[in-house]
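For reference, the chain that follows is the form predicted alone, supplied as structure tokens.
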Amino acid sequence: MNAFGIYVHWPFCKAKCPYCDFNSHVRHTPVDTLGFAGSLARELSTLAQRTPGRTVTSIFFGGGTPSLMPPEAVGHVLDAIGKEWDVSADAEVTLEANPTSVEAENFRGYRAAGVNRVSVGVQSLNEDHLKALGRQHTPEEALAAFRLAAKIFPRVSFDMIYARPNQSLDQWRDELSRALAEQQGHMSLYQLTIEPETRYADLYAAGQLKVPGEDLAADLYELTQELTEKAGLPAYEVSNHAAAGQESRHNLLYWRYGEYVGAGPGAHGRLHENEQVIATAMEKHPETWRQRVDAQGQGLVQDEVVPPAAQAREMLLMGLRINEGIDLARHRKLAGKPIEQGRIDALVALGLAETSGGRLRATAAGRRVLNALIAELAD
């Protein structure tokens, strides 16, 4: 409960992947990277005034493609954080990276700047599928970048997407087995979802994109759990697998419904002020965000109290994703009332949930139908 995180959003990409609904933007002229880093530092300074006395336990550079930032820009942002807050000596500092050769060259610079964990977006080890995903690297380039990262950073995550268009169970078995032979203690394995307002959504609506049906998707999920368990990387969250002690501390902060600052275009935060939870969100358009920061020190477009009932629902949404589940007493305090015992008992009887030590958890079967489980528990 003493964890405090900082999320920094870098919104730029070389190209927009057809499945991606993140706040990412392509610019066909050079980006003023150091200028944007300066604006991030200014916004962080403004946010620091609202979070005095905190000790930063994790920092996460997400995007977009943060590995398009030059190391000096990353260092400038980290220096700004160190100036505004106390930073724990063992703080986890993660940067998401795309495995192209140009970006991999920056790895040593990021390490020197203070990054100690890299999340490498390999996504696939099938060349045709990489092209279909809009990725700009080959499987060989991805593996070379991951191996380099593993030599430079104390911790590294191997990230992939499955249940892709035209993917078979045997293809995924081969890919995941290859990846498991390379991993260094952490893997993020996301099942592809068709997100609104993406190129994939348009193709799917037009009948031009075939994705695995429910049965095959379930088989792919089960295979993922089986192979990672055997390799000593059990799931600690629906899509994340780790050896003991290798879990992402920053993401656990989200799932445990902790406090974090969000800086940069489109970034979200949850601040604790006067015994209230405040939801913050920044302007999404990068250049407009920067104009706002230059004018007023921040790009806020949302800054409002999260009502207790909404806090309780958010806690359910996040906390039931992880194996440790939620603290029922904390949920009761947020909601102002307990979850109806009859609902819990019914889910336990179905084998979808379990309780012990004052905590409520989704079982392995419950995580397969997590949205339905949460809907049953939430008002």
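Heads up: residue numbers just count along the shown sequence, starting at 1. Since the structure is predicted, the reported quantities are computational estimates derived from the model, not experimental observations.
The same protein has a further form, the form predicted in complex with a small molecule, not shown here; the description that follows concerns it.
Out of the listed residues Thr100, Asn126, Gln225, Gln191, Gln191 is the one that sits within 4.5 Å of the small molecule in the predicted bound form by at least one heavy atom. Just one of Gly262, Pro286, Gly121, Pro212 comes within 4.5 Å of the small molecule in the predicted bound form, counting any heavy atom, and that one is Gly121.
Taking the partner from the other structure, the small molecule in the predicted bound form has no heavy atom within 4.5 Å of any heavy atom of Leu370. When the small molecule is considered in the predicted bound form, Ser39 lies well away from it, no heavy atom lying within 4.5 Å. When contacts are judged by a 4.5 Å heavy atom cut-off, Gly64 counts as touching the small molecule in the predicted bound form.
When the small molecule is considered in the predicted bound form, Arg135 lines it closely, a heavy atom lying within 4.5 Å. Contact with the small molecule in the predicted bound form, defined as any heavy atom within 4.5 Å, is confined among 29 to 37, 64 to 72, 50 to 58, 331 to 339 to 64 to 72.
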